[in-house]
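For reference, the chain that follows is the form predicted on its own, supplied as structure tokens.
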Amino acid sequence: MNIQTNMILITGATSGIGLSLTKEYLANGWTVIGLGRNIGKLQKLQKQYPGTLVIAKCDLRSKESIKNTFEAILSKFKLLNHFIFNAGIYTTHNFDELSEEVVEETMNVNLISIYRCLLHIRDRIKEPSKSLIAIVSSVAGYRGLPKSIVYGPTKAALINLAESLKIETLKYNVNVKLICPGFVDTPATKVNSFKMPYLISSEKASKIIINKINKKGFEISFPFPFNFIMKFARIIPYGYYFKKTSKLVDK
């Protein structure tokens, strides 16, 4: 495939927001490089979009898999400089359920893999043409929440990472976007046993993201008013915040 204009790489392209973003970009005439761990799902998806969807198996838990995948892709597609790092593991664990295995896997996929990917594209984004780096975090990263003792900290770290990255890449004219969704109806969130407030579809989430990703501004946060409530929670004094959120644990 020689098409390299309007090309974007998306991790976690086989389900949820990543899948919807992949389909939306393809519908808008883009060539998408879709990364995922399940090659069967990738191949099934590629059959629907012959010629415009490039697929690559990549296990974000593995340093070697990331290295091999990005070296191959970047060597083949010399002009690729648009990246959406979307893949992640959604876990709902409390302190009593915590295990070292859960911590290690969630940290590897949600956080460490992003750093590894960034190291491989660092030189590519410094080139003159405007690059895009979009990092999908979550409103769960705004403040500590019950049942989010592993997931929440990874998303909080991604917010901080995106902020630092934005500052450091201003001189290269890189479009760094922080994406913080609320509850989105995906296979991952179906594990929740509680009613998810302001739940939206992954298709609607992807349309919001694509509509805003090339506009001014740093953060894409949705849906309103849930994102506003979560942002407001960041400025509530600790004593009051802990008292209110502890009631969620009882429920």
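Values in this document were obtained by computation on a predicted structure and should not be read as measured data. We number the residues from 1 along the sequence you see.
As for the form predicted in complex with a small molecule, it is not shown, yet the points below apply to it.
Going by heavy atoms within 4.5 Å, which of 210-218, 23-31, 44-52, 184-192 lines up against the small molecule in the predicted complex?
It is the stretch 184-192.
Select from the listed residues I73, I159, A134, V109 the one whose heavy atoms reach within 4.5 Å of the small molecule in the predicted complex.
Among I73, I159, A134, V109, a heavy atom within 4.5 Å of the small molecule in the predicted complex occurs only for V109.
In the predicted complex, is there a heavy atom of the small molecule that lies within 4.5 Å of any heavy atom of Y151, even though the partner is absent here?
Result yes; Y151 sits at the interface with the small molecule in the predicted complex.
With a cut-off of 4.5 Å between heavy atoms, is N68 one of the residues that contacts the small molecule in the predicted complex?
Looking in the predicted complex, residue contacts with the small molecule do not include N68, since no heavy atom lies within 4.5 Å.
Taking heavy atoms only, is I84 within 4.5 angstroms of the small molecule in the predicted complex?
Flag for I84 set to no.
If you check in the predicted complex, is L9 within 4.5 Å of the small molecule, heavy atoms only?
L9: no contact with the small molecule in the predicted complex.
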